[in-house]
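One chain comes next, on its own, written out as structure tokens in the form predicted alone.
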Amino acid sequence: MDHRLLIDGELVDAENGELFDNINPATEEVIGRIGNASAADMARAVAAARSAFDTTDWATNRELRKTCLLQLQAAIEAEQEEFRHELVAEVGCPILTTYGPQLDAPLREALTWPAEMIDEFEWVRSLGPKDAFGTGDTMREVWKEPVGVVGVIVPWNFPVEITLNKLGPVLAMGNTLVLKPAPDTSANATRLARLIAEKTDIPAGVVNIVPSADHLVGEVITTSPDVDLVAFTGSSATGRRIMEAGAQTLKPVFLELGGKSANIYLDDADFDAVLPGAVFSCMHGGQGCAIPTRLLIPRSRYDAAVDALGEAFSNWAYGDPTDMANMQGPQVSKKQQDRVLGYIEKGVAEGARLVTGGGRPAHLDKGFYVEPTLFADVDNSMTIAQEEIFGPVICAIAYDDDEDAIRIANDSDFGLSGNIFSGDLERAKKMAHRIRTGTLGLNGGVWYGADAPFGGYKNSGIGRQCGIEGLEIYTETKTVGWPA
């Protein structure tokens, strides 16, 4: 496990020489140590990114950018298995998920699609001639240019997936960046730092990677006038703090925040086929912003549905994340485990019925595990139905008719994702138009991809990651004119 920071093209120790522990949440053992950067380290990284943007041709040399992204792709692929096992060890994610969203799925396209789009992106758009003031025709164009220095702050739940889906577009659009990984899961970032330094031609200062156990070190990014934009994925509370700090320098922000998404089962859905899949919301300990944790079920079918769900939850495989049979591992930390258990206690106190789960599993003597937990008789106003728990805690909520389902789904501060299941696709599409979320799956459809914009309404964020919108967010717009 590499402990070093990447600053201005050099792999270096933290200036204070400090290290912090990287802990395996399944075994509670220290698996390595990472450099504990200070605010001074972060300031040096910001200065390096600023200099690289202002003094090199990175922003204008599209061929170099494409080459470097493909070099990084090859370097990661060469150590793909090392990334895989390191992710399982430090994140606690089930190894099976690394063959999908944790690693292999983003690695297929998170860097390569933006690299391809360097040639296809509409960098220049002609508006044609116009005589605006009666003085003769003027030719006009709209130019897209890099925004500058981007501060990137990523969370611990899907660290490689989120990092690559930010790194690719940021670099493809010609920006430089400073990345602060989450303290709980920094080993993948320091591995990435080494590959960038040793296996690519990315110029010094273009990418800087600065891990720290101190969350406040990230505020150097949010307050520095040398950072032009902050791209953050994480909690809504932290997103608000970043937005407030960035306001001091009128810094734009891209925020991909929390969710409280709903699975809506319409009365004509094939319940036997689709309802058992609801337990997959416990995948990776429920630690995903787009995971649907509210199940909206027609009142006429509610009791039978809860019985079926209880059986599915009881048969759910969880435990050791290195076991391919398990789709749920531990929570990422003791702090997160305690947080989830606190929400479960609150659900019981507010009157929800605990169908199954609700505590620490008795058969696992180590690790930050929480039992897959199903609540029934949940009112949408309850805390467990309104706040993002980020744990394997699912709420079954009854509704009366389609209008009531739409009302309940939208009765949330969040608007990130969700699913609608119906025997009539057109009925599902009609309802989807009225659900205020940034993404939706219909009848099990999967919207994910490097070319697919991802983000949310309301407290789920500002802006979109991936897709054309996720490229444009890292650009500035310039309009120019000259005599025709």
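Note that residue numbering follows the sequence shown and begins at 1. No experiment lies behind these values; they were computed from the predicted model shown.
This next part talks about the form predicted in complex with nicotinamide-adenine-dinucleotide (NAD), which is not shown.
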Would Gln71 sit within 4.5 Å of nicotinamide-adenine-dinucleotide (NAD) in the model of the complex, counting heavy atoms only? no
Arg241 versus nicotinamide-adenine-dinucleotide (NAD), in the model of the complex: is there a non-hydrogen atom within 4.5 Å? yes
Would Leu216 sit within 4.5 Å of nicotinamide-adenine-dinucleotide (NAD) in the model of the complex, counting heavy atoms only? yes
Does nicotinamide-adenine-dinucleotide (NAD) get within 4.5 angstroms of any non-hydrogen atom of Val154 in the model of the complex? yes
Heavy atom contact within 4.5 Å of nicotinamide-adenine-dinucleotide (NAD) in the model of the complex, the stretch among 103 to 111, 128 to 136, 217 to 225, 346 to 354: 217 to 225
Position in contact with nicotinamide-adenine-dinucleotide (NAD) when the complex is considered in the model of the complex, options Phe232, Phe368, Phe375, Tyr318, heavy atoms within 4.5 Å: Phe232
Since exactly one of Gly174, Pro181, Gly168, Gly329 fits, which has a heavy atom within 4.5 Å of nicotinamide-adenine-dinucleotide (NAD) in the model of the complex? Pro181
Would you give me the residues of 369 to 389 that have any heavy atom within 4.5 Å of nicotinamide-adenine-dinucleotide (NAD) in the model of the complex, in order from first to last? Glu388
